[in-house]
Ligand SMILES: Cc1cc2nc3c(=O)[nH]c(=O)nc-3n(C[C@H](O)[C@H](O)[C@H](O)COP(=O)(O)OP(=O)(O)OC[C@H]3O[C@@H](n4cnc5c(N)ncnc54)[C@H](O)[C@@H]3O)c2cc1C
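Presented as structure tokens, the chain that follows is alone, the form predicted on its own.
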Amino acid sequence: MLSYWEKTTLRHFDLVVVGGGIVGHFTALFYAQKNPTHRVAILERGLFPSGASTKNAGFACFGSIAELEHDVASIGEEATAALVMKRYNGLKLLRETLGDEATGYSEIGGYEMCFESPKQERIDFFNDLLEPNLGTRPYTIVSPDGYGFSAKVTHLIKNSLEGTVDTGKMMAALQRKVAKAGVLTFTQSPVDRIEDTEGGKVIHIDTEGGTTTFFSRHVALCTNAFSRKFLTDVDLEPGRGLVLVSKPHPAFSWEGSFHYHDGYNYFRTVDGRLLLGGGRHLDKDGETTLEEGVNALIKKALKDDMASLIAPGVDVEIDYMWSGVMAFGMNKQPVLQRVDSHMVAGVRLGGMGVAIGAGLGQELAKLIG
């Protein structure tokens, strides 16, 4: 049973953000900073963000050449360059808002594994495409010597502007910033449905005690892979990603963030451990799901890669694993739209939430007004 105060005051907001991940937190933050007297709330269905915001691998990246080739094929050169800048500027905004120390950001470079000699004209093409906006030519061919990789890895293509973050530190810093701005966060509060009302929206939330309703002038949908429940016409499919983390080993003292198989697979070191994730391309149908879990086929493939490709001859022991759920469409462009006069949406991050989350949140806050 609700008290009089809960009924009359505590359920009423100027903005309710549905989804407590990176985009949701930045949307709430930028809106609250612009409207300091407004009441703002975040509703998150899980104890922690339910998608990939706290389950990602901590890559601060905007695209390997193999990934950008797919972008050019699907959306063209001009749109690809604009998308890269959206990611790059999103990373800058993330760093400027939270600070590198608070997020554990380190610009250690992003490396694409090559299994045959890369063509210099590919490198030149993307450097020429991005240099006018970035002011530098980010891609160079470097040697894989010193990492202990298999001889199958013949070269690396380095992106000098990429790096890594500590995902836990990043989200903790963002949560502190949002709380300081006066935003209220409600976890374990799954939204069942959203209805129109005079002057705003009624948000129905499933709780242990039954259904609770909030009232808000504005709603921002930041539910990424879980958005089809509210946006039935959006081009969006969930995509689960598996991550394995090894026990500490002296072999994992090098730095860098690495990609291979067109960006579907990725790895880095963290605290003397090897972190390896991806493999979704091996079973796309099986990984098109909102459910957390471990795909045995992909787990085996990642473990095989550890033994035969990344750390041959090293006794790698898996310590633990997890999965996160991302959202994808026909291309990598995020969806930013006004749904109606009282609701906006920012979803379908294409596996690039760390890069574009802050910028998308800022755009959503502006769209709300």
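As the structure is a computational prediction, the values presented were derived from the model and not from experiment. The first residue of the shown sequence is 1; numbering continues from there.
Missing here is the form predicted in complex with this ligand; even so, the following discussion is about that form.
- Site residues G51, P190 and A355 are all in contact with this ligand in the predicted complex, judged by any heavy atom within 4.5 Å.
- Using a 4.5 Å cutoff between non-hydrogen atoms, A57 counts as a contact of this ligand in the predicted complex.
- Heavy atoms of M326 reach within 4.5 Å of this ligand in the predicted complex, making it an interface residue.
- Although the partner is absent here, F230 lies within 4.5 Å of this ligand in the predicted complex, judged by heavy atoms.
- When contacts are judged by a 4.5 Å heavy atom cut-off, V16 does not count as touching this ligand in the predicted complex.
- Stretch-level contact check against this ligand in the predicted complex with heavy atoms at 4.5 Å: of 145 to 153, 77 to 85, 128 to 136, 219 to 227, the positive one is 219 to 227.
- Of the residues given (L93, V270, C114, V243), V243 alone sits with a heavy atom within 4.5 Å of this ligand in the predicted complex.
- Residue L43 is the only one of L302, I310, M343, L43 with a heavy atom lying within 4.5 Å of this ligand in the predicted complex.
- Although this ligand is not shown here, in the predicted complex the stretch 1 to 28 places heavy atoms of V18, G19, G20, G21, I22, V23, G24 within 4.5 Å of it, in sequence order.
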